[in-house]
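Just one chain follows, in the form predicted alone, and it is written as C-alpha cells.
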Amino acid sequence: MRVVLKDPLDMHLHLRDKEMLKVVAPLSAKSFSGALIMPNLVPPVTSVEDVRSYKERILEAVGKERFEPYMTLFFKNDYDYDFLKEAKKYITAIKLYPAGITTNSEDGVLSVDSRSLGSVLEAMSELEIPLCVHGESEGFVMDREREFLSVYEDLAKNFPKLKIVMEHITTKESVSLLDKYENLYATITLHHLYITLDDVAGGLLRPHLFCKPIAKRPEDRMALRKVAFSAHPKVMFGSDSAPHPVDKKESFGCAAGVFTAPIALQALCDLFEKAGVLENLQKFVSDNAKEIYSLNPPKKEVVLVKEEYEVPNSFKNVVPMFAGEKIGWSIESVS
C-alpha cells in the first residue's frame, strides 16, 4: 500500500534557534513543503528585522531542501497600523500568547479581550493578517482551554473579518465551537490525536509526552479524531513539534513540548489508515491550510509505504515521540 502526499504543510512548528535550529529544521524540511514558524524565541520575534533575520537563519539551516518558512510575529499591544502594513510583506500571521502560559511566553498579553486589544485587531482585520492564539486561561490545568473559549467567542463576534486560528485544540468543546463562527479555524497536533492524560501520567510519568495544552480525556481525543478524519475544511495539521534537549525533559521542572516533526507523516498515515480514511489525509496535511491561509508552497511529493519504520531513540540531543518504537508506515521517497 502506498500514499502520495502533495505539498504537506505543518501549520504550527517550533524550530527554536542556534544549535537546536540546526538539528531540527532539516528534519521538517525533508518531508514538508513549508511550516508556520512560531515566534516565541528568547527574546521573541517582534520586529520586521527579527522576522527577516530568523527566516535567513532557518533557510541556512535547511540547506538545499525545498521548504518555505511561513513567518509570524509575537503579538504586542503596541503594534500600529503602519507597522503592521510593512510587516505583512514578511509574515503569514501573528501569534498571541497569554503571558506566562507556556514556553517563552513571559512577554505575552496580560489581558486577552476585544476591548484592550481592539486597535491591533482592527488593523489586522483591515490588513487581512490572521491571528493565531494559544488559547488557555490560568485556571486548573484540565480546564484552561475550555475556560478560554469565551475569549474566542468575544474576539470572533467583535472582529468578524479577522481570521482566528485556535491553535492545537484539545477538547470536544473547542471542536464544537468551530462551526459556530465563520471566522474561527483550528490546528490539531499529532500527539493530541494519539494520547490522553492517561498516557502521560496514568502509570510511570512519561516526560516526553508532557505538553501544553496538556492531553485531555478519551472523549476529547475522540472529538479531535472525528473532525480530523473527516477532513473538516476549517481544520488543519499543526504539529506543535516542540524540541527540548533531553536534560530539559528528563529533569526536575520538565519542559513542556512533544517532538514529532520527523515522524509526523508516518504516524498520521498509520492513524488515518486504521480509521479507514486515508483519502482524507491530503486535505488535513495540506489542502485545507492552502485554502485557509491562501498559500502556494514549494512543490513536493512525499510517497509513504506500509512498511515498518523504527523511530530513532534520539535525534542528536532531542528525543522524539515513539522513540525506539515501530510505526506501520515509512517514507519511501520525497521528490
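When you see a residue number, it is the position in the sequence shown, counting from 1. All of these numbers come straight from a predicted model, not from anything done at the bench.
In what follows, reference is made to the form predicted in complex with a small molecule, a form of this protein that is not presented.
A.B. asks: The chain here is shown without the small molecule. Which stretch in 146 to 154, 96 to 104, 115 to 123, 260 to 268 comes within 4.5 angstroms of it in the predicted bound form, by heavy atom distance?
C.D. replies: Among the candidates, contact is made by 96 to 104.
A.B. asks: Spell out, yes or no, whether the shortest heavy atom distance between residue 40 and the small molecule in the predicted bound form is within 4.5 Å.
C.D. replies: So residue 40 counts as contacting the small molecule.
A.B. asks: Is residue 212 close to the small molecule in the predicted bound form, meaning a heavy atom pair under 4.5 Å apart or at it?
C.D. replies: Residue 212: yes, in contact with the small molecule in the predicted bound form.
A.B. asks: I'd like to check something about residue 208: if you look in the predicted bound form, is any of its heavy atoms closer than or equal to 4.5 Å to a heavy atom of the small molecule?
C.D. replies: No, residue 208 is distant from the partner.
A.B. asks: Would you check, heavy atoms only and a 4.5 Å threshold, whether residue 244 touches the small molecule in the predicted bound form?
C.D. replies: Yes, residue 244 lies within 4.5 Å of the small molecule in the predicted bound form.
A.B. asks: Please identify the residue among 231, 223, 256, 184 with any heavy atom within 4.5 Å of the small molecule in the predicted bound form.
C.D. replies: That would be 256.
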